[in-house]
Structure formats: structure tokens, C-alpha cells
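In C-alpha cells, one chain follows: the form predicted on its own.
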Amino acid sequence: MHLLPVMEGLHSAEAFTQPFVAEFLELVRQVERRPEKFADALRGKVIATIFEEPSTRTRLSFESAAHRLGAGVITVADPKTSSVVKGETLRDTARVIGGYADLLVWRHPHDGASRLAAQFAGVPVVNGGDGRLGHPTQTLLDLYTLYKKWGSFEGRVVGILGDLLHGRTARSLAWGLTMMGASVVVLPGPGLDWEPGFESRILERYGYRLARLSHSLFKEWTGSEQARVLEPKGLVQGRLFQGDAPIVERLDALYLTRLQDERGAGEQSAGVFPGLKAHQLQAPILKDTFFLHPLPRRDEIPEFVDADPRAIYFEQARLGPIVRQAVFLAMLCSEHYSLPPLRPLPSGDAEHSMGACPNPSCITHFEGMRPPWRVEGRIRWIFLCAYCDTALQAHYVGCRSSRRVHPAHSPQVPKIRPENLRPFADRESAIAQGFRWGGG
């Protein structure tokens, strides 16, 4: 497997590490406290914002951040005015705009677009939101908002409520919170839960476990009094994690998301979409709960909540340009603002017989490409599309070194080094490529 080159830029909250986030949050604090110190930090740099989906807050937040640092900004704010309508591929667009700017911020309707763009741009690419996959700078913003309130995430309990199936901010935040040691209560709207494979990867990556807890309020939101919680192993906190389905006594924060109609969520949801109601605000479980939302909101947060001191979503939005200033400093001024490295996301290997990516929203379908693969896992290898993180079906796995192939469940497979892995959909394909049957 080709472990290099990695995709330059910031594409996924899955790439975050605790050391990176800890030092990044301190950099944001510096920018917030002494903005004048950074006013000319990017003088002479050009940042391009390419937004192929509608955006107000995210685009203006990035552009405000660039201007506050002294950078120039060029932008594509309406894909109807770009060469996309002429049939230009994302790869060619990245090549061209990468020659005009020092960094690209890319928002795209398809999963994995920023990762693909990064392989052709020649400059760092920052994911401004791609399909339902992720929104890493929003997660850094969400984490900083809570960091200002708490200082530490360990022992905190955060509910994520709403459209988890299509909500990229919810997915990214789940990675960020668990990486920082918080517990995540999963509260999907009816019919809007994320796929189990996504959750399983988080549990394995951070050594978390899946448990259940209950509260009568959950039934108003999800249709069931029980909810899943992703928690650190060995954590015991009062009544929270004891018994089969203990009653949760508090949420430290509740992150609400809207129904993602633009990705077909309205057709998949069943029942009333969850949100805050007036009577719920008096529930003891929400007594000290901060309410967050990536915005724009709809009916899930009525306007009467705005005056509540627990509502911090407008403060959250205000911090957007400040957090994104720190992103630009880390990407373009690393000699002065060096941070611990991100976890690399390999660019992947397109050599396989596993077929097309099963995710219909993956960028590979729209670019006419075979999905490159990467691997994750501690106990067993999990093959993922390197662009959209969707699991690929490898029923047989070969070793490039020994030239032997084994069933995917064979105990021999985890012993194969990542660079020697070669996945196959069937045994015949492996034999045709010169691999010998290794059994298992």
C-alpha cells in the first residue's frame, strides 16, 4: 500500500490528535486575546475559497479570517459561474486554482472532495464541508467554544441531537469529543441515525465502549427513552454508567443540528424532527447544559431559547473567524506557529478488485474514478475508501511480500504489514494476479 504521499491540508476530524488540538486551542486563545499581533501575519498570501454548496457563515467566516490576517482572498461563491458547468473535473479545477493561491478552502456537495482536490492542488486544502462526511474546522470551533467554558473535556457528557445520518458537523464533533475524553450521548431523530460502522471506528480508535442510558426526555426527541453513549472504558460517574440502562442525571452540553433536506433527509426521517420545547428547558438534566448549534437553525431551536443563558450558539458563531485565523496560521506560518502533527490520512491505493465505492455520494462516482483504499483497525484490518471513509468489501486479503492470499477472517491477515496488504473481492481475482492460496 502506498502510505505516501499523504493528503496535504485539513480534511477530517479523524486526523486530529490530542496534542494537536490542545496546542491549537491555545493558539486560538492567543488570537482572540491579541488580534493586533496577527494583523499582518499573512501579508502577501492569497487564499481561495471555493464553495460549490450554498454557505453564508462558513464562507464569510473563512474570508473574514483571511482579511484579519492581511491575506488576499479570491472566491468562487456560485458553482453556476464556474467551469464546473462546462464539465471540468474537480481535479483540473484544483490544479488551476492551486496555481492562483497559497491555500484553498473547499466546500463541496460530495463526500471526500477536499481529499481528492488536495492530491492535485499543489497547495494545502482545508475542508469547508464535504457532503455528509465532515466539517473539521467547525469541530475546532465547537471544541474551542466548550473549551472556554470548561477548560477540560474529561468527564464531560455531550448529547448530539438531530440529523446524524446526513449531518457532517455531528460526525466530525463525535470524533473530536471522544478524542478529547468526553462521553457522547447519541440522540438521532427518527430514521436519522448514522451507520454502525462509523461508530465502531470511533470506539476502536480511542478504546471507548458502547453503553446505554435512559431518560424520559430522550423519548420526546428520538422515540425511545434509551440512548447509546460512547464512553471511555472504566469511567464511573455517579449513577451515569452503572447498571443496564441507568438514568442520566445531566448533560453538560447539547449539540443540536437541523434536518439536512438538501441531502434527502426529509424523505428518510420518520416522525417529528427533534428539538427544544419550552417545557423541556425546566428539566433537571438540562439545568447546566450549554446549547450549541452550527447554524442555520430551523424549528429545532425556537427563538425564545435565545435569551436563555445556556444558549451559546451565537457566541459559537462569533468565534468562527478567530478559530479559522488559527487554522490559516497553522497551515501557512508553521515556522512561527508550529503545532504537533495531524494524524496522516494516506492518499490510498487504487489497486484492488473490490469494485466501486458503495457510497453513492462519494466523489469517485462523479469523477469517474476507482476508489483508492486505506486501512484502519487494531484487532483486524478494515478497508475504507480513502476519500469518503466508507467500508469496502474485501473478502480475501493478500500479502505482497509472501504472495499468498487468505480469507479476510483468517488470523494470518492481521499479521500482514499495512504496506503489504492487497485486498480482493474474490479468491479468483487473487489467483489471477499471481497470489497463491495461503489458507486460513
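Because the structure is predicted, anything quoted here is derived from the model rather than measured. Numbering starts at 1 and runs along the sequence shown.
Only in words, not in the display: the form predicted together with ligand NCD, which the text now covers.
**Student:** T58, R168 and P294: each with a heavy atom within 4.5 Å of ligand NCD in the model of the complex?
**Tutor:** Every residue of the candidate spot has a heavy atom within 4.5 Å of ligand NCD in the model of the complex.
**Student:** Give a yes or no for Q138: in the model of the complex, does one of its heavy atoms lie within 4.5 Å of a heavy atom belonging to ligand NCD?
**Tutor:** Yes.
**Student:** Is it the case that R258, even though its partner is missing from this view, gets within 4.5 Å of ligand NCD in the model of the complex, heavy atoms only?
**Tutor:** Output for R258 is yes: heavy atoms within 4.5 Å of ligand NCD.
**Student:** Taking 4.5 angstroms as the cut-off for heavy atoms, does R115 touch ligand NCD in the model of the complex?
**Tutor:** So R115 does not count as contacting ligand NCD.
**Student:** Specify the contacting stretch among 337 to 345, 168 to 176, 356 to 364, 148 to 156, defined as having any heavy atom within 4.5 Å of ligand NCD in the model of the complex.
**Tutor:** In the other structure, the partner sits against 168 to 176.
**Student:** Within 383 to 400, which residues come within 4.5 Å of ligand NCD in the model of the complex, counting heavy atoms only?
**Tutor:** Stretch hits: zero.
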